[in-house]
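Shown here is one chain on its own, the form predicted alone, set out as structure tokens.
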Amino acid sequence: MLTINHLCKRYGKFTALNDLNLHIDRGEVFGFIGPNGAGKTTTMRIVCGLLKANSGEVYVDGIDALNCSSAIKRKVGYVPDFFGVYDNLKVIEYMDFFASMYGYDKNDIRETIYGLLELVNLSDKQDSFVDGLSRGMKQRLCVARALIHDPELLILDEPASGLDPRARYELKEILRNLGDMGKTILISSHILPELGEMCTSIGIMEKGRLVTSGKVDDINDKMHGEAPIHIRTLSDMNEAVIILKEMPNISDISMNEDEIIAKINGDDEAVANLISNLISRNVKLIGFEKEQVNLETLFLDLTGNKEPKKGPDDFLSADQIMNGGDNSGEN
């Protein structure tokens, strides 16, 4: 659905994107992770046609996003990190307004609008003024607005920023529903545990480059090779440890009061074989758990637990941004 090849973006001397390559399959919920200044928002704005790249290629469903911006706007729905709303409009009027921007007649699109408001749990707010909504409700309204033309790719830049726990939960449920509906979703967030629950794949960026991408478990296995497992048994734990030591893909075995902890080098099939072997050796298992990957730990391991430092050349004035980010002083 989304393919990015050798994408570069510079603001004067500051390189925001440095030879970025990324591929997202249709139907994926892809989590974009990275420290401030890593290039996530820049990438999203280029994909949406809101920002020009210096070089590279971007394809959305086979369409050249860098040279066919009008066609791309039909394919992509975008929810920015800071969004604008029209406070003097009611919710239904707000949705009608954006439907008209895509050429829809409000009478023809009303059924779709009602369905979108139901999807984001705002059906009972359709006659409320936008400025009377909570921040969480406004965020959900912006998601509904981004879906009004039925885009194939939905891009959300820090959608949970500033939301309370309840609002974040509601937004997370909406995104899960959209994923179940087959929408391709690219989402950035600093709330890493929620991304781990929601996303089918992730990409970790730092200093304008994609450090790694793929399934969370696959990335962890590639980095660390071994995943901890926790075993509880009614059998003698010392005997169970002796059996585990005979297995070639098991290491770092230890015990505490009620469980055995070891590391297994292998995929889910290796875990299944381990369970089968223990049972065949009359080990009475009452608990077996493969430790879940901690996305925050994985992120810190890959990025070195350091925020990128900015120098004087990294900060742009409003005039420089309007002029394409050139801070060299030349016109």
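Worth saying up front: this structure is predicted, and the values here are computed from it rather than measured. Counting begins at 1, following the sequence as shown.
What comes next is about the form predicted together with a small molecule, which does not appear here.
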Options 277 to 285, 54 to 62, 32 to 40, 259 to 267; stretch whose heavy atom lies within 4.5 Å of the small molecule in the model of the complex: 32 to 40
Answer option from D96, D218, E158, E170, heavy atom within 4.5 Å of the small molecule in the model of the complex: E158
Listed residue that, although the small molecule is not shown, lies within 4.5 Å of it in the model of the complex (heavy atoms), from R110, R176, H190, H230: H190
The small molecule contact in the model of the complex: L20, any heavy atom under 4.5 Å: no
Any non-hydrogen atom of A16 within 4.5 angstroms of the small molecule in the model of the complex: yes
